[in-house]
Structures are given as C-alpha cells and as structure tokens.
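Just the one chain here, the form predicted on its own, laid out as structure tokens.
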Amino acid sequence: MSKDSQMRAAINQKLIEMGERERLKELLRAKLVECGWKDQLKAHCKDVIREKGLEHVTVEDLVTEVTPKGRGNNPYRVTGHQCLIMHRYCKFLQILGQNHKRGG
C-alpha cells in the first residue's frame, strides 16, 4: 500500500471513529434532497422504466442510464455546500494534526 493510500485509510478510519464521516455524508445527502437532485434522479429512473418497459430493465440498466445524469446534475447550491464540507474536513485534519503532535 502506498504512503498516500495509507494516509487516506488512516484519515478515513479517524473520520469513522469520531462520527464525522457520517455527519458529512448526512449534510451532503440533506442538501441533495433539499435542492431536488434526488427527485430528479427518481423521475429519470421512472422515465427509463416507462421507455423500456419494466420487464426489460435491470438494475444495471438503471445504473448505467442514471449515473451520468446524477454526476452531471450537481446543483450549484450543493457545490457551494461541498465547500462547507471541505472546510469541515480540513478543520478535522487540523485537529488530527494537533492531537498527533501532542501524542494523542
């Protein structure tokens, strides 16, 4: 495992242990729901099923059809909140660094 991978794994583990990872995920999830992103993707899934017919659509088909739209539909409001999430993540890393220097 590369040093970069080890660092990511260690940070991820600390995020999980401290509950911050779940808080960040929940913040992003709430913002995606708030701006209608989830409803847009749900509607797109329904459109795909209507077009192809329920008996002719697999989960893999839906994932293939919906993923590009979901990634491309990153609303500006959520992008702004990603900055907030990154800020919280950076503060978390600063706290980790301070604790590491103190030996904790």
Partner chain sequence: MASRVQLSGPDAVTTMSPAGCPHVNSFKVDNWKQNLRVIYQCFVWSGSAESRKRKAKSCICHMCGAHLNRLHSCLYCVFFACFAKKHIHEHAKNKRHNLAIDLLYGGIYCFMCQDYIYDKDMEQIAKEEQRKAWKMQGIGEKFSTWEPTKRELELLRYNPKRRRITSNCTIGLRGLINLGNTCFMNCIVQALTHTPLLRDFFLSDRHKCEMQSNSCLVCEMSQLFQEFYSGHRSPHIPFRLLHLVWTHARHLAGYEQQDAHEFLIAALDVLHRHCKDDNGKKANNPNHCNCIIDQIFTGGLQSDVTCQVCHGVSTTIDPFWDISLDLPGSSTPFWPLSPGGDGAALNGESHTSGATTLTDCLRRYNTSSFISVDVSSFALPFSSPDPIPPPPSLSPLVLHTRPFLPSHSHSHSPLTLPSPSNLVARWRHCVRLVIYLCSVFCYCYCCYHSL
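Just so we're clear, the structure is a prediction, and the values are computed from it rather than from any experiment. C-alpha atoms forming the largest set that superposes within 1.5 Å between two forms make up the rigid core. Positions refer to the first chain, counted from 1.
Not pictured, yet referred to below: the form predicted together with the partner chain.
Engineer: Although the partner chain is absent from this view, report whether residue 46 comes within 4.5 Å of it in the model of the complex, heavy atoms only.
Structural biologist: Answer no; every heavy atom of residue 46 is more than 4.5 Å from the partner chain in the model of the complex.
Engineer: Looking at the partner-bound form in the model of the complex, is residue 57 within 4.5 Å of the partner chain by any heavy atom?
Structural biologist: Yes, residue 57 lies within 4.5 Å of the partner chain in the model of the complex.
Engineer: Heavy atom to heavy atom, is residue 28 within 4.5 Å of the partner chain in the model of the complex?
Structural biologist: No, residue 28 stays farther than 4.5 Å from the partner chain in the model of the complex.
Engineer: Closest heavy atom of residue 62 to the partner chain in the model of the complex, within 4.5 Å or not?
Structural biologist: It does: once the partner chain is placed as it appears in the model of the complex, residue 62 has a heavy atom within 4.5 Å of it.
Engineer: Can you tell me which residues in 14-30 come within 4.5 angstroms of the partner chain in the model of the complex, by heavy atoms?
Structural biologist: In sequence order, 16, 17, 18, 19, 21, 22, 25, 26, 29 come within 4.5 Å of the partner.
Engineer: Residue 57: CA shift of at least 2 Å between this form and the one not shown after core fit?
Structural biologist: Yes; residue 57 is a residue whose C-alpha shifts (by 2 Å or more) between this form and the one not shown when the cores are overlaid.
Engineer: On a core-based superposition, does residue 27 travel 2 Å or more at its Cα between this form and the one not shown?
Structural biologist: No, the C-alpha position differs by under 2 Å between this form and the one not shown.
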